[in-house]
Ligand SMILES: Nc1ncnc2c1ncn2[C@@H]1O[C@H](COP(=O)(O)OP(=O)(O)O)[C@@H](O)[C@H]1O
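A single chain, nothing else alongside it, follows as structure tokens in the form predicted alone.
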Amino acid sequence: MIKLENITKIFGQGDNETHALRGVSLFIEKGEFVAIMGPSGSGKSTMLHILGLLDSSTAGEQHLHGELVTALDEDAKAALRNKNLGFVFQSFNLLPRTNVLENVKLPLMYSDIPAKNWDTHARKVIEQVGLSHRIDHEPSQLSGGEKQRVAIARALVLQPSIIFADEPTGNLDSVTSGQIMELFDELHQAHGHTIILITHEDDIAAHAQRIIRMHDGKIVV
């Protein structure tokens, strides 16, 4: 499903160059649950941005679903990203003063799904994450765990083949973190989603099938 070959990422130029990734090669199969770990500056966030087509590598080749994506222009990458990838972030990124239903519907506005079907699609994933009873509430009326469930529903609404989760429990207490990870487990086991998780917490990474550890821009395990 995902293949990286000798990926390098360099920020800056000359004396200000920073080598964020140093010849990374990686293969992730369909339906895998993978955690990427490493200390600050190890390259794990840069890795997620490249895997998620949010940034481009400096050198190397990247394939998604068998397609070489390295040389695609930004419009083509955006179309591929919208069709195949869903994202969940630590900070939730919900629209304030906008209820759960409208937050989850947002990605549908950039899809080819007819507007008359948006409510049905959004309500289905809201129910899937267990928030149907909060559908009319705004983010300020939700707990941290509920906000993250909204973010997960929003990531699911276009039925992506891959979900990227960047420190999804970073702003949550341990009990709520466990509940969110149980939801990711369900998405993986019951629904077959490929999940790529960025975390620095061992107990969170333990939910994954495979742990990839990074240090100084390289995969070390």
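From 1 onward, residues are counted along the sequence shown. Fair warning: this is a prediction, and the values are worked out from it, not measured in the lab.
Another form exists, predicted together with the ligand; not displayed. Remarks below refer to it.
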* Using a 4.5 Å cut on heavy atoms, which of S57, S177, S42, T194 is close to the ligand in the predicted complex? -> S42
* Structure fact -> Per contact check vs the ligand in the predicted complex (non-hydrogen atom within 4.5 angstroms), the hit among 43 to 51, 156 to 164, 185 to 193, 66 to 74 is 43 to 51
* Does Q209 reach the ligand in the predicted complex if we count a contact as any heavy atom within 4.5 Å? -> no
* To do: Indicate whether A20 is a 4.5 Å heavy atom neighbour of the ligand in the predicted complex.
  => yes
* Asked: Along 135 to 157, which positions have a non-hydrogen atom within 4.5 Å of the ligand in the predicted complex?
  -> none
